Each structure stands twice: as structure tokens, then as C-alpha cells.
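Below you'll find only one chain, the form predicted on its own, shown as C-alpha cells.
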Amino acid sequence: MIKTIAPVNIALIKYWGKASLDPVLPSTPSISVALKDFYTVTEVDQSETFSFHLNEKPVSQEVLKKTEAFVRLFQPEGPLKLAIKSTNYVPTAAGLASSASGFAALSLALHHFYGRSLNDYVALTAKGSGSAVRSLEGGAVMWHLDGSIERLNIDLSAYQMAVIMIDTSPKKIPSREAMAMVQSSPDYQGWLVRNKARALKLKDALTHHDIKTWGLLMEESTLDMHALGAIAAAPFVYLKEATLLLWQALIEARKNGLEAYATADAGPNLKIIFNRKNREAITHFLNRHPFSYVITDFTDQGARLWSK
């Protein structure tokens, strides 16, 4: 039996669209940070049949088939006699990057279970979930246009993230489907240019611990990503009114000296990054709003074998 753990990563500069499906390559570079308290634990073991339990429940046939297709990348031939058990310590399919930690943990487990070399680790992981490749490493990670990942030499110990649970129900449009839909947006080519430039600027701002610059770039990337969905040929919106009202309240608080910045992935839940010295002020701000939240540190540990 192989047991692995992988952290959730939250993108500061968003990955939103593929330039290639085989190999999986991002349309723009992206940068993320790994969270300490949100992660997936996965077990892979021999079995008489192929099965997959998520959070102690059998998955749907659709998810089972997708998982089987992913496992076939590691074991192309013969019957699959494998039992997979995953537990998400984060709401599943709610825009909190559970698929990233999930596929990162599963990919590492399958590499060890089948005795594969880790040379193709990143490329195979991306076939399950593009954003999962950033969970292979801890800390701040950049996913480049050529498909490679770079661990950025950034000390994140001075910062924390508040994850606000506005709506943790599964999203109606999966991220992969949404990424294909936004390529019909009349501004998609503009997005490619703008987001690539943001990634390069944010990388430099991280190096200099310039939280104002990278916070504003993160917000620009987030809102630009969500705008693509709103103007796609078949429009869709992930953000909810409550998301926007809380974000607006944060902007007003920032005008009054609260240095904190927000982002949202493919879902309505907001994440706020701030310097840990401002934790009391952030807690006071969040307690004025009717949502549960978790404040977490970042972690330097990526996907790894379970050692507890």
C-alpha cells in the first residue's frame, strides 16, 4: 500500500486555458502558493477490482471512468486491480482547488505503486489536472509555458491566507469545461498577453516582498479570469453577490489602512492574503461578516509520501 499527501495550492496568477492538450501546456504562466491546512491524503493498494472512494464514499461512474483513464497513463495494459481511497481536507469541487491536491497526491502514489521513474512526473500529473502540477512542490511555484514547474525561492513565513467559505456546494461547471468555454471570449487573446505580463511582474514582486504589488496583480488576474466567463459565447459566472460584497468591503477597509488582497478560483469562495502581523485586524474584519473562515499558513512541503 502507498499513502501520499499533497497540499492545495491557490493561484496568485491564474491558469485559465490550455495551449496544448498533449502534452498539457498552459496558455499563460501561473504562480501559486501552497496551503498548510488544506490538503488531500490518498491511499493506493492492490485489490481484486478497480475502485475509488472519495471521502469514504464510492465516486460516481463518471468520476470513476475519468480516474481509470488517468491510472491507465501509469498502467496502460492488463486489468486494473487497484483500490484508491482519497480524503479531501477541503470542500470538494467548490473552487477551493481540491482537484489540484487530489491529482498531485494520486499521481505521486501511482508513480510509487507502479515503480515508475519520476522523470515524467509533471507531464503525467498535468493530464489529470493542470493546476495539480503546482501542488507537486511547496511554497511559491511557477508553472511555465513549456510545462515545467519552478519552485520560487521566496520566504512566505511572514504571510497568511484567510479562506472564506461563502458557498461550499459543488460548482455546476467544472473548471476544465469552463476553460474550454472561455476560449470563445472575444477578449481571450488579450487575456493571454495581460496574464503573461502579470506573471513576470508578480515573480519579481514576490522576490522583493512587495505585497502591495503582488496583491494588486493577483486581484487583476482573478477579475480578468472571471470576466472571460461573463463574456464567453455561453456566459457563466462563478462569483456570487456575497463574494463581490465581501470583496468590496475589503477594498474599503484597505483604503483605511488594512493591507490585504483577495482572490477567487473557479467558485464563489474568497481567499484573502495578508501579512501575519495584521491577523488581528483581518479577524476583526471577517467577524463582521456572516461567513465561516479558516486562517492558514503556507507550507514549503509539496506532494510527498505519508510519514506520520
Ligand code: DP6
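Please read all numbers here as calculations on a predicted model, not as lab measurements. So that there is no doubt, residue numbering starts at 1 and follows the sequence shown.
Not pictured, yet referred to below: the form predicted in complex with this ligand.
For the three marked residues, 102, 107 and 111, no heavy atom of any sits within 4.5 Å of this ligand in the predicted bound form. For this ligand in the predicted bound form, the listed stretch (78-86, 203-211, 159-167, 131-139) containing residues with heavy atoms inside 4.5 Å is 131-139.
Heavy atoms of residue 289 never reach within 4.5 Å of this ligand in the predicted bound form, leaving it off the interface. Mapping the unseen interface onto this chain, residue 144 falls outside it, with no heavy atom inside 4.5 Å of this ligand in the predicted bound form. In the predicted bound form, this ligand sits within 4.5 Å of a heavy atom of residue 266. Shown alone here, residue 176 lies within 4.5 Å of this ligand in the predicted bound form, counting heavy atoms only.
Interface residue among 90, 217, 225, 124, judged by heavy atoms within 4.5 Å of this ligand in the predicted bound form: 225.
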